[in-house]
Ligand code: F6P
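One chain is shown next in structure tokens, namely the form predicted alone.
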Amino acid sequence: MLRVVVLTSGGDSPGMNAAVRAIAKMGAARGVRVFGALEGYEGLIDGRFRELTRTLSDGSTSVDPEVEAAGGQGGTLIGSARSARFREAEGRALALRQLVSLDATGLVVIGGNGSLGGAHRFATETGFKVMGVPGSIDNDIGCTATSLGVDTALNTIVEACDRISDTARAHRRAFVVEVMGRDCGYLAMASAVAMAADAVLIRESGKTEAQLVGDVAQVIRTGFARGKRRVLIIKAEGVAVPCTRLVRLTEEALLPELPSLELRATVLGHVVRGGNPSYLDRAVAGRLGFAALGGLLAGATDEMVAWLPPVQGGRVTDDSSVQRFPLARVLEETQSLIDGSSPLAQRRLKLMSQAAGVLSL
């Protein structure tokens, strides 16, 4: 009976459990035993495996009930970690030995840029069959329109900002809300549009501290002058100025004009990562999980399954919404998203620039 290993690596994201469940369920249906490597690449190197399927007394294969139940939960049942050891050739060689000892024939890696980079190196060095699934709430992975956790994170941000807006209007206050997004401001941009925020601050704009303070001060000045009771600015964590410092500098700049200004900083932090996955994240996770295992069983390797890809050249699958792309290309597209040279990144920035005057109204 074939054996396949799945792991979740790097930052966790809602939907990882749903993808693991889908891979286990498809494996059980195809007579494949599916194992989870605990704590990502670290568990792979140490040979810490947990079987996610079960062989029943009649010889058939089923899914572990805990795996079945975890599909609707956030986090990751099999654990996640960042592995310095896997970045070294010796660590990858140990991982290969563990897979061979288990008699595994394929590996599914669910994670972000670093995790998929490790998967690519492992596949090219060892020849072992590897398939990637994009899992990152930042939506900073190339070749895919979304990755696991993005929709849930946005829903969490919107709900938090709704609550903040309630109290802001009650007291006529301004808030700067920081959301995750170290290298990519997608969460800030998308949530700002959904919330009709007054402004959005993203790393990609390349503004200096003085420019950011000036922009925030002007938005607050104009907003209250127009009779608003709530001014909301959403900031991506990738913006170099800390949220509390930005608020303090803005208060100092506005003190002569608005001595009674109440400006607050709220950092959502890891709240954005947690929570049960939304319908969309569960559905996308299931379909990407099916496609990933299906690709491995068909002999594909060193690829990533992508949802509604915004670029051309992917390999079609039985699912019209899912295509497979070589991991090398995914990593190239990801880097161009991060450094801003990607046409997609430039379109996002242009759109936000055009929307700036609308958001502030």
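Quick caveat, the model's predicted, so the values are computed rather than measured. In this text, residue numbers run from 1 along the sequence as written.
One more form of this protein should be noted, the form predicted together with 6-O-phosphono-beta-D-fructofuranose (F6P), which is absent from this view; the next part is about it.
Peer 1: K207, K228, R273, R121: which sits within 4.5 Å of 6-O-phosphono-beta-D-fructofuranose (F6P) in the model of the complex by any heavy atom?
Peer 2: That would be R273.
Peer 1: Counting non-hydrogen atoms within 4.5 angstroms of 6-O-phosphono-beta-D-fructofuranose (F6P) in the model of the complex, say which of C161, M180, M189, L107 makes the cut.
Peer 2: Only one listed residue qualifies here, and that residue is M180.
Peer 1: So if I measure heavy atom distances to 6-O-phosphono-beta-D-fructofuranose (F6P) in the model of the complex, which of the stretches 265-273, 247-255, 150-158, 217-225 falls within 4.5 Å?
Peer 2: It is 265-273 that comes within 4.5 Å of the partner.
Peer 1: Is D281 close to 6-O-phosphono-beta-D-fructofuranose (F6P) in the model of the complex, meaning a heavy atom pair under 4.5 Å apart or at it?
Peer 2: Result no; D281 lies far from 6-O-phosphono-beta-D-fructofuranose (F6P) in the model of the complex.
Peer 1: Given that 6-O-phosphono-beta-D-fructofuranose (F6P) is not shown alongside this chain, does E237 nevertheless sit within 4.5 Å of it in the model of the complex, heavy atom to heavy atom?
Peer 2: Because a heavy atom of E237 falls inside 4.5 Å of 6-O-phosphono-beta-D-fructofuranose (F6P) in the model of the complex, the answer is yes.
Peer 1: Would R82 count as a contact of 6-O-phosphono-beta-D-fructofuranose (F6P) in the model of the complex, using a 4.5 angstroms cut-off between non-hydrogen atoms?
Peer 2: R82: yes, in contact with 6-O-phosphono-beta-D-fructofuranose (F6P) in the model of the complex.
Peer 1: Check whether C143 has any heavy atom within 4.5 Å of a heavy atom of 6-O-phosphono-beta-D-fructofuranose (F6P) in the model of the complex, and answer yes or no.
Peer 2: Taking the distances in the model of the complex, the answer for C143 is no, it never comes within 4.5 Å of 6-O-phosphono-beta-D-fructofuranose (F6P).
Peer 1: Within 4.5 Å of 6-O-phosphono-beta-D-fructofuranose (F6P) in the model of the complex, counting any non-hydrogen atom, which residues from 109-142 show up?
Peer 2: Residues within 4.5 Å: S136, I137, D138.
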